[in-house]
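Quick heads-up: it's one chain on its own, the form predicted on its own, in structure tokens.
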């Protein structure tokens, strides 16, 4: 069975893209000029990293299922594969953001003379990190991350396609080997990318839990997006083999990852608040004073709602309940990313206006277009996966 990207669906994607561009332009032209350039680059980084994380999660998810030799996920495999195709776009844009707008986002450690003791701009703390935080090494790491992630996604899709065309188990074994190699690479690079692209904005501050905290957000938001696509395909009749048990498993993953993210959020906050070290608490002071509404409000979307709604078994099997919570989690983790980036770039001059809405809609429209085009190119249900029968009879 092949997926058809309907004219209505394409119109929605085009409308999101056009509306996003228009709203962003109007928002930029009518905004207060104070720190407007930093606000523009910060929002571009915000949406680019947010959707990059969702796409990157899909590659991690595929690798995790192959390495675990899982069977239940085979019926929804095409969703994860389609989501992974988007990664190349934010990957390229991330390089552009750093090369062109880096001095607006990472000015603390890119400022001239910051590592020179003879300069008026000398900063002892940043100078101590200069072996890691310098432009050539930063760019090299970025290219390695993106190439490794995109390459793994390409291999998983390639072997899956060849597996559809042949009943040879060879391609499943190749996917398994790719997963085993990719997972350690992902474990390292997902953490260091979080250090590089987000934590280095607040250059004087650091947290040993930061990389895992970002990973928890990726996992929760990626699961939410995958769940919404699966519900869409089920409602359109493309997933006849997907039953309540599959949605229960995805709902349970969304429930668990929401708790994982909250646990990491609380541990990082509690340890820094309790120790009360001046070099560490400044990070939270900036968010308490100027960002207290989004910073604490996101807990309602990322923790309270999933906990209260998805705790019951029946709610995990309800597409209505899980879709609602998935949308809330996606909004909540966008706000979380907002709170990670804005305090170190625009300070207390933050806004949530047309510029923010426009760029989000633009990225959402492109993401939906790319993923649904990818779904259209392949059979929605895989043909020869050795665990296909197990997935079709999955029960829990």
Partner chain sequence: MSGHHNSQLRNPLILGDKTYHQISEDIAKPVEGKAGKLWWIAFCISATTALWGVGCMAYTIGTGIGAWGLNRTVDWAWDITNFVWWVGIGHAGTLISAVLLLLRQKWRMAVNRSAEAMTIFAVMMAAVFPFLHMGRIWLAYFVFPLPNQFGSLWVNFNSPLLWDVFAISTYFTVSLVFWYIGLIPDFAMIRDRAKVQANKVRETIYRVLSFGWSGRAKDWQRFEEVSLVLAGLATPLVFSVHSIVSMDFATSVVPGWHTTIFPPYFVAGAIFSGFAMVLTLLLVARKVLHLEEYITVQHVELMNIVIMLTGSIVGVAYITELFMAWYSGVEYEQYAFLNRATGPYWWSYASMMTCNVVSPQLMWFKKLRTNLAFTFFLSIIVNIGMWFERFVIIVTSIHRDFMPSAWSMFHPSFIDVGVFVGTIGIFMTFFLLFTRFFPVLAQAELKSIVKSVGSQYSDKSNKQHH
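Positions refer to the first chain, counted from 1. Not measured: the values here are computed from a predicted model.
Quick note: we don't show the form predicted in complex with the partner chain, though the next part is all about it.
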Name the stretch: of 86-94, 176-184, 219-227, 300-308, exactly one has residues whose heavy atoms fall within 4.5 Å of the partner chain in the model of the complex. 176-184
In the model of the complex, does residue 9 come within 4.5 Å of the partner chain, counting heavy atoms only? no
Residue 131, heavy atom within 4.5 angstroms of the partner chain in the model of the complex: yes
I'd like to check something about residue 280: if you look in the model of the complex, is any of its heavy atoms closer than or equal to 4.5 Å to a heavy atom of the partner chain? yes
Looking in the model of the complex, any heavy atom of residue 292 within 4.5 Å of the partner chain? no
4.5 Å heavy atom contact with the partner chain in the model of the complex for all of 37, 166 and 378: no
Answer key, the partner chain contact in the model of the complex at 4.5 Å (heavy atoms) among 262, 315, 115, 203: the residue is 203
Select from the listed residues 212, 145, 238, 171 the one whose heavy atoms reach within 4.5 Å of the partner chain in the model of the complex. 212
Only counting heavy atoms and a 4.5 Å limit, does any residue of 368-396 reach the partner chain in the model of the complex, and if so which ones? 386, 387, 389, 390, 393, 394, 395, 396
